[in-house]
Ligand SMILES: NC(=O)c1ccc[n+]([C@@H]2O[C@H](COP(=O)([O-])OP(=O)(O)OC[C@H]3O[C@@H](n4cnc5c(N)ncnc54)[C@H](O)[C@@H]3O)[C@@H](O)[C@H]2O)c1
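Here you get one chain, nothing else, as C-alpha cells; it is the form predicted alone.
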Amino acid sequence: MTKSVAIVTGAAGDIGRAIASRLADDHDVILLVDIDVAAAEKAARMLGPVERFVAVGCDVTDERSVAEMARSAAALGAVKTLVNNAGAARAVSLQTTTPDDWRADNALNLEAPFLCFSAVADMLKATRGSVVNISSVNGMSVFGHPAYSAAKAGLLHFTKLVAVEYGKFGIRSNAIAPGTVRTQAWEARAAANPNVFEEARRWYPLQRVADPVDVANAVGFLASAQASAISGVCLPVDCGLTAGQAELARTFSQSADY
C-alpha cells in the first residue's frame, strides 16, 4: 500500500519536532523540512528510524526550493497532511520595523505557507488531505512584533481561503494560534530575565504557558479523522489568553472573584 506522508516545515525547532512526533501516530512517513538541514537531520534521528522520519533542507521562501521539497515528498508516498509551522519574528515594535523586516516576516510567515500549499495542492486533492497552519495569538490581537503579527493575521485569512476554495476537493484547512510556548527561544529570554515566565503567566487564565506538546496535540487532532467536519477555523492553544484577562476583569468589576 502507498505510504501516507505528513510534511512539517520548521521541523528542527521544538514545536516542529513535537508536531512531527505526534503526526507519526497517524502517518507512515514524516518529512521534516527546515532551512537548517543538519538540525533537521538531528531532529529526525531523535524521533526515530530513517525510513519514517526523513529530513530535507528547504528554504520555504524560495519557490524552486519548495518545488524540490514537494518532489521529495511525492517520492515517499501520498501526501496526506501539510503543516506550515516555519516562522520567526524580527522587529519588536512598529517604530523599529524597517521595510526589510516587513518583507522578510511576510515572506516567511505568510508567503511561504502559500508556496508550500501550492506545491502540494494536487497531492492533497488525491488524498483528500489536510492543511494545518501555525499562526499565533499575535494574528488575533496586538502583542508586539508588528510585521510578524500582520503576516500571521494574513495566514488566518489564507487558511479560510483554502478551506472555501479547496473544500470541494475534500481538502480541510485549519489554523492553530499558540500563545506563549516554552521553547528554546523563550528559554533564551529567561536567561536574560529570570522572571519572564512569571511575568507572562499572570496574563493567562490557566496560570501557565503552553509547551510544544500542547501545540502538537492540537495539530494531531485537526489533521485527524476526528476533525473530518472541521475546516476554516482557528483553534487558539493559548491557555485562555484570548478569552480575556482576570486582572482586567477584576479592575473593571471590582470583584475579588477574579
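Since this is a predicted model, take the numbers as computed values, not measurements. Residue positions are given as counts along the sequence shown, with the first one as 1.
Same protein, other form: the form predicted together with the named molecule, not shown, and the subject of what follows.
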Contact flag, Asn174 vs the named molecule in the model of the complex, heavy atom cut 4.5 Å: no
4.5 Å heavy atom contact, Trp186 and the named molecule in the model of the complex: yes
Residue contact check: Val79 to the named molecule in the model of the complex, 4.5 Å heavy atom: no
Distance check, Pro178 to the named molecule in the model of the complex, heavy atom within 4.5 Å: yes
Joint contact, Asp26, Ala55 and Ser130 to the named molecule in the model of the complex, by non-hydrogen atom at 4.5 Å: no
Heavy atom contact within 4.5 Å of the named molecule in the model of the complex, the stretch among 122-130, 81-89, 68-76, 94-102: 81-89
Stretch 41-71: residues contacting the named molecule in the model of the complex, 4.5 Å heavy atom cut-off: Cys58, Asp59, Val60, Thr61
